[in-house]
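There is one chain below, alone, in structure tokens, taken in the form predicted alone.
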């Protein structure tokens, strides 16, 4: 449904001494029918540029973009018939129109008359809990209601593909849960959904797969459940019978990915780059005669996974992300781990 190959975009310098900015540098991924995929990365990674390129709002320097098999660069209008988007911020709606007027206006943009859209609009307003606000101006709505209306407008288009840029940004906890529930419904309808977000619970709760971008390049393209299992298998908590010596702590921090020693010195959390590093931990404890009370695997959430991926803590000596063999191939048969 969505195919991005070798996407590159450099923005010119803003000012005499400012350098040009390469927003995306060879990004590529594929999304199949009915998938809900997270597009993740730190600020400036290139996520929004990628989404805007798919919408035809940014013209890339290189690369291929296809939506439902249609070339976005050559047949933009035809491609956009199959795609709807909600961009980050409050730029998706007309603030001086009411909720219903926005729905009618955007339906008209898709070539649907007011009479034809009436029933569908009423259904969506109730589904998105906006029925009692149908005649309110968008400017008078809360941020959460504005975001739900933007999603309702995107759903109104009934396109096969939805692109959502930070759909839960700035929402309170309750509204965030409502939006996540709505995204789940859109996924269950069989829509193909790409979500660009910093909201890791959204990714962990909803997304089957994630594409992580940093510095304009894809770091990893893999299933969320696989990444959680991978990192959970390398995170341990150790309860000791005596505190570690300063020398032991220094050695562990030099040889392991992450070491956290708690105030009492009897509880230590470690993250391992690879499974064999557990022997490093055991050897350091044995050398100091430190008794071990227990060793348990820690529960890992996707925020921890994301931070470790972006920091490159799984990178091998050649700079390639060192994932397990099962993760080395994505659904297209290409290597999912690429050079950072």
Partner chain sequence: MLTVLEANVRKVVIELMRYLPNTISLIATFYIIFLAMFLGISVIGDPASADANLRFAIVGNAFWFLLLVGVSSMGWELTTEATRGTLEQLAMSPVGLRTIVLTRMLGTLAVHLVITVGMLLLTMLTAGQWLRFDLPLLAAVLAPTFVAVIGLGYMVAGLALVFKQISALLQILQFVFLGFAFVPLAMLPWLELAPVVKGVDMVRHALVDGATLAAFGPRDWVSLLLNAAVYLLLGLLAFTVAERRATARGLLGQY
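Positions refer to the first chain, counted from 1. Fair warning: this is a prediction, and the values are worked out from it, not measured in the lab.
What comes next is about the form predicted in complex with its partner chain, which does not appear here.
Taking a 4.5 Å heavy atom cutoff to its partner chain in the model of the complex, the contact residue among 104, 237, 178, 160 is 104. Just one of 66, 52, 30, 308 comes within 4.5 Å of its partner chain in the model of the complex, counting any heavy atom, and that one is 52. Looking at 187-195, 109-117, 254-262, 204-212, the stretch with residues near its partner chain in the model of the complex, meaning non-hydrogen atoms within 4.5 angstroms, turns out to be 109-117. At a distance threshold of 4.5 angstroms between non-hydrogen atoms, residue 12 is in contact with its partner chain in the model of the complex.
A residue is said to contact a partner when one of its heavy atoms sits within 4.5 Å of a partner heavy atom; residue 81 meets this definition for its partner chain in the model of the complex. Interface membership of residue 200, defined by any non-hydrogen atom within 4.5 Å of its partner chain in the model of the complex, is ruled out. Taking the partner from the other structure, its partner chain in the model of the complex has a heavy atom within 4.5 Å of a heavy atom of residue 93.
In the model of the complex, the residues of 27-62 lying within 4.5 Å of its partner chain by at least one heavy atom are, in order, 52, 55, 56, 57, 58, 59.
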